[in-house]
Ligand code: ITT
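Given as C-alpha cells, the chain that follows is alone and in the form predicted alone.
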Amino acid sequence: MNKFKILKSTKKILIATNNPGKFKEIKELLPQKIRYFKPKDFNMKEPVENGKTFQANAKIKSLYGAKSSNIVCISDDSGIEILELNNQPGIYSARWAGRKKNFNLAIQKVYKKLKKKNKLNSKANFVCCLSIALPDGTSREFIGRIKGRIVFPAKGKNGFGYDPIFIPYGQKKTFGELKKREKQKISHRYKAFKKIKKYFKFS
C-alpha cells in the first residue's frame, strides 16, 4: 500500500484507453496538474484482454501500460450488464460494437435480443473497474457500480457507448441526456474513482 504514496507527487500518468470519451472522463476526474498520456504516445498496441472479469481485464491493461511506458498507468474496464440477457454483454460490451467500435450496432444488438424476449425495459447495471499500476508491477483495482434500467428508443447524444439506453435509478433521463457534470456525480466510473481519490493530491 505504501508504494501508492508515489501518486501524491506523480507528474505523469498514462491513461490506457483508445476510447476518446473514456479518456476524457478519466482525465477530468484526476488532478489537472498531472500530464496525461495516451497509448499512442508510446506507440503501444492493445494487450490481449483474456480475463474473465472486469478486474482481470483492467489489471491486464494497466500492468501492460505501466511496463511499456515506465510511468504510472490507469486503465478502465467497464461495461453494461443486462439482467434479462444473463448479464450480457458484460466484459464483452466493447466487442459487441465491433472492430470499428460502432455502438449504434451494439445498441441495435441489445434491442433485438430484448425484443425477442419482450423485455425492452430490463434492469441493468453499469460496472467500472479502475486499475492503477506502477512500473514495478504493483497494481490495485477498484470497482464502481450503478443500477438502472434499459430504455428504447435511445435518447441523448452526450456520453458514449450504451449511455443513450441506460437510465440510472432516481433519474428520468438517460446517461446520454444528462449533462456531463450530472453524470459524473453518479456514474459507475465516478464511484470507482472515489475509492482511489485518497491516493492523489488535488491541491
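The numbering used is simple: start at 1 and walk along the sequence shown. Predicted model, so just to flag it, every value in this text is computed and none were measured.
A second form of this protein, the form predicted in complex with inosine 5'-triphosphate (ITT), is not displayed here; the remarks below concern that form.
At a distance of at most 4.5 angstroms from inosine 5'-triphosphate (ITT) in the predicted bound form, none of the three residues Lys67, Phe142 and Tyr199 contributes a non-hydrogen atom. Although the partner is absent from this view, Thr10 stays clear of inosine 5'-triphosphate (ITT) in the predicted bound form, with no non-hydrogen atom inside 4.5 angstroms. Shown alone here, Gly161 lies within 4.5 Å of inosine 5'-triphosphate (ITT) in the predicted bound form, counting heavy atoms only. Mapping the unseen interface onto this chain, Glu49 counts among the residues with a heavy atom inside 4.5 Å of inosine 5'-triphosphate (ITT) in the predicted bound form. For Leu114, no non-hydrogen atom is located within 4.5 Å of inosine 5'-triphosphate (ITT) in the predicted bound form, even though that partner is not displayed. Taking inosine 5'-triphosphate (ITT) as it sits in the predicted bound form, the stretch 68 to 100 comes within 4.5 angstroms of it through a non-hydrogen atom at Asp76, Asp77, Ser78, Gly79, Ser93, Ala94.
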